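One chain follows as structure tokens, the form predicted alone.
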């Protein structure tokens, strides 16, 4: 039986942030995740590092937290952040009276808002609607949720942190009203085991209510589904928010060569209700036209959805009526010592949430080491000498991308793989510039069990072709390297392609339909992965 001091439940941003903070303070900790890291909410959102302007009017505390954490994450996580800046633009459909209220609220919580003329805004962002009435610059940024989670894990591992993925919690062990351990099941093998521990922290997001229920405790978390669209174009170079009270379809976020439009808000019964539908896509397009009139002329890549873990002491507060702030619940007040839940919040404030929870846990454990997560970088900057070496093996743009994805330590390992076998510099994913050596490095990680796990670590399959060409290349690379989980190539093909199909299905018209037929031709017509063609009859 494994033993540790603290078990952290949930492999999203908040969970990995808590793991990192605990380990940096010298506390032994294990993180459990029921799927792969960043599988849930932390990768299913628009990727906006909020300035706080979105919340300033309705929730001043959340707005203040956002601008403070925005400043910190730009520094410690700069390899995950693209400092795009942001616009708040009022359209001809929006209430002019709200504008003054918004400027005043932002000033009160320290969010800088700089007015610019419509002409200047259109010069900087020529795709914006010429009907917009006013524009303000704010310090928004784009952030890569996958990368931020993985770089937190890389940092935690340096301090002894352990991670178990595909491990679901099925019981909380207690004795005399004190946590003594946790019972888990491996979701891939079905094996049940116990982990002895002194403390449990639930950072399970939308699943926090289900985890607390295992201990007989009620935590009112309402999953709230948000659907988003990814376009295969950089429609805007800046974040563009619609200047009105928060509502659906108000935010455009550029990421690399694509743009994400989001999001909707709808209360759902299940935390994993994350399948978008065509009706939501059409509604988002209709709303988005107020900011970008020609939005329908851009090719869509996919639609996707995640659930926000909204918490309220009032069980009747749902959707945008619930606060975006976070709460730490010490269940000693419910009669069980050594159990804490952290609920609510947002990606931008994950580090602050982790600090507050870790302060509480360390208080119980009598650990005096102060928090350093606001001042210590997630990964070391890549040295000029290492970058010069990387450029010998990667395309120029690919070297920068690989360095930001892998960090110095990972980049050195990938370069070593290429030096040993130069053919591994081959690009398996041209859309995201991912080499065979990087795929192999990600596949060899102890948390990788399927191709989608490699995708979340590398972004392979997330670009223009949506896996049409990189799937068979990556499956071949995994199979050729003899990984124990890579033997059944048919299963690997289907798992990865099915994941892509979920996001393509809600937008299946026009060019997307043509691309889908090409992919189907490759995998069903040529590779026969569904076995429709009788090999004996050929």
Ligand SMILES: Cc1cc2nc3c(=O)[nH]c(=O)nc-3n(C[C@H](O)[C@H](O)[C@H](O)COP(=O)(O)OP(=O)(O)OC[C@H]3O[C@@H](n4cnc5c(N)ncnc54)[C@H](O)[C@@H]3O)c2cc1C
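Residue numbers count along the first chain shown, from 1. Everything numeric here is computed off the predicted structure, so don't read it as measured data.
The next section is about a form of this same protein that is not shown, the form predicted together with this ligand.
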Pocket open vs blocked [this ligand transferred in the predicted complex by site C-alpha superposition; 2.4 Å, backbone or C-beta, 3 atoms]: open
Residue (of 139, 288, 345, 276) lying close to this ligand in the predicted complex, criterion heavy atoms within 4.5 Å: 345
Contact residue in the predicted complex, from 263, 151, 435, 341 (heavy atom within 4.5 Å of this ligand): 263
Residue contact check: residue 13 to this ligand in the predicted complex, 4.5 Å heavy atom: yes
Contact of residue 65 with this ligand in the predicted complex (heavy atom, 4.5 Å): no
In the predicted complex, residue 19 touching this ligand (heavy atom, 4.5 Å): no
Residue 226, heavy atom within 4.5 angstroms of this ligand in the predicted complex: yes
Candidate stretches 441 to 449, 104 to 112, 425 to 433, 167 to 175, one within 4.5 Å of this ligand in the predicted complex by heavy atom: 167 to 175
Those residues of 196 to 210 which, in the predicted complex, come within 4.5 Å of this ligand by heavy atom: 203, 204, 205, 207
